[in-house]
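Below you will find one chain, with nothing else, as structure tokens; this is the form predicted on its own, and questions on how it binds or moves follow later.
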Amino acid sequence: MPAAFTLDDLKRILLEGAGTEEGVDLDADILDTPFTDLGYESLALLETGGRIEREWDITLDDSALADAATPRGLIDAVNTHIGTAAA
């Protein structure tokens, strides 16, 4: 497993779990775009969080998904948990 969770990892997991809405380009500059603007609501993010936890063998606390309004926020939260788990 790589040492850091990346935007590419997140995009792959989003596509596998929830797909994308028509007109949404995940290859665009989406780091600071709210998930709601990308078409991902709470259920899609819960599915994404579950997939991340299983694949990266971490446990995200409830606030990690709720507080991560953008891809950058979620990536940062996941990497914080990866760093904590590795320590």
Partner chain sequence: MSAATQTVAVTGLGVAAPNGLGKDAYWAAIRTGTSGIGPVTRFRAEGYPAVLAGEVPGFDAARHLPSRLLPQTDHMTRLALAAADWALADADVDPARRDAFGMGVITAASSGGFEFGQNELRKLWSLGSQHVSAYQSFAWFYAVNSGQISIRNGMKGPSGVLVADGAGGLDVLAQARRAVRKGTGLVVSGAVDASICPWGWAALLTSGRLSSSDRPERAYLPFDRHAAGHVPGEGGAILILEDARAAQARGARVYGTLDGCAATFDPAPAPGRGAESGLRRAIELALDDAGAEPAEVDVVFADAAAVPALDRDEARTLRAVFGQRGVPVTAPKTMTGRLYSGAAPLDVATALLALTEGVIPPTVNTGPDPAHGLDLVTGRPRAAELRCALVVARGHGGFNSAAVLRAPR
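Everything quoted here is computed from the prediction, not taken from an experiment. Residue numbers count along the first chain shown, from 1.
Keep in mind that the form predicted in complex with the partner chain is not shown, yet the notes after this line are about it.
Asker: Ok, 41, 32, 57, 61: which has a heavy atom sitting within 4.5 Å of the partner chain in the model of the complex?
Answerer: Here the answer is residue option 41.
Asker: Although the partner isn't part of this model, could you tell me whether residue 79 comes within 4.5 Å of the partner chain in the model of the complex, counting any heavy atom of the residue?
Answerer: Contact with the partner chain, no.
Asker: Quick one: does residue 10 come within 4.5 Å of the partner chain in the model of the complex, counting heavy atoms only?
Answerer: The answer is no: residue 10 has no heavy atom within 4.5 Å of the partner chain.
Asker: Is residue 22 part of the interface with the partner chain in the model of the complex - any heavy atom within 4.5 Å?
Answerer: Yes - in the model of the complex, heavy atoms of residue 22 and the partner chain come within 4.5 Å of each other.
Asker: Can you work out whether residue 73 and the partner chain are in contact in the model of the complex, taking contact to mean some heavy atom pair no more than 4.5 Å apart?
Answerer: No, residue 73 sits far enough from the partner chain in the model of the complex that none of its heavy atoms falls within 4.5 Å.
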